[in-house]
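In structure tokens, the next block holds one chain alone, the form predicted on its own.
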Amino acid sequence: MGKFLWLLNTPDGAPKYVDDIGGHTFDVAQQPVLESSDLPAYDGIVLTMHSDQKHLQSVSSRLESFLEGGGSVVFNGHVAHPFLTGLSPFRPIVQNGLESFRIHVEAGHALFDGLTSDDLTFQRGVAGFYSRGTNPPPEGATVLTTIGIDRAPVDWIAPVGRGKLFVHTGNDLFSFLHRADPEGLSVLKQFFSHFERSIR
């Protein structure tokens, strides 16, 4: 069973379905707890698109140590102030019609297994919500999804020490994964299972 710290930077709570993701537990808290939490007790840390990146820079050494020790960090949003090794500032894509916003699920990684281009590209029949650019991945990262004709990386995962850094370039990923299986939540369970520590 995975244990995750879901950090907020708004008065709203985590999405209601979080407690229903089978096989995992989530401690939901405001971002400042990063300064004092027992991070090694968690498999992963979830950072939403509303994260205060200036604050994350101030605690970057704690996050780096967490990753080096085998934990995972899941980041959503546009990188404005790189706060971890491997992060680079967001770059928007050139917008020119539907194909500019098409999301491509790249082959070869179980994290997005079973998801299609249409699952991610269209929300209620409209494209453009999933992503509109790239947080460029570092050398050695595995690109999971791309966008547009030029296939700019959107979702990627990179090893950091014994841990994993996962980056989603756009609005919080979880609502899209939830819509892919709103009843069973199997896609979300599959996602978080990937970030369980093999060794504590």
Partner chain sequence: MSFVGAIDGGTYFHHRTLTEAPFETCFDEIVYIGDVAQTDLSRFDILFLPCRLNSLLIAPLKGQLVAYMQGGGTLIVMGEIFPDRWLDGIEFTPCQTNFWWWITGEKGPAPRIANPSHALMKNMTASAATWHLHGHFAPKPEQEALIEDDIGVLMFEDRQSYAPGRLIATSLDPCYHHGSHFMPAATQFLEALLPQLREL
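Residue numbers count along the first chain shown, from 1. The structure displayed is predicted, hence computed values, not measured ones.
Just so it is clear, the following notes concern the form predicted together with its partner chain, a form of the same protein that is not shown.
- Residue Gln53 is the only one of Gln53, Thr142, Ser37, Ser65 with a heavy atom lying within 4.5 Å of its partner chain in the model of the complex.
- Judged against its partner chain in the model of the complex with a 4.5 angstroms heavy atom cut-off, the residues Gln30, Gly77 and Phe90 are in contact without exception.
- Using a 4.5 angstroms threshold between heavy atoms, Thr10 counts as touching its partner chain in the model of the complex.
- Taking the partner from elsewhere, Asn171 is found to have a heavy atom lying within 4.5 Å of its partner chain in the model of the complex.
- In the model of the complex, its partner chain lies farther than 4.5 Å from every heavy atom of Ala107.
- In the model of the complex, its partner chain sits within 4.5 Å of a heavy atom belonging to Gly128.
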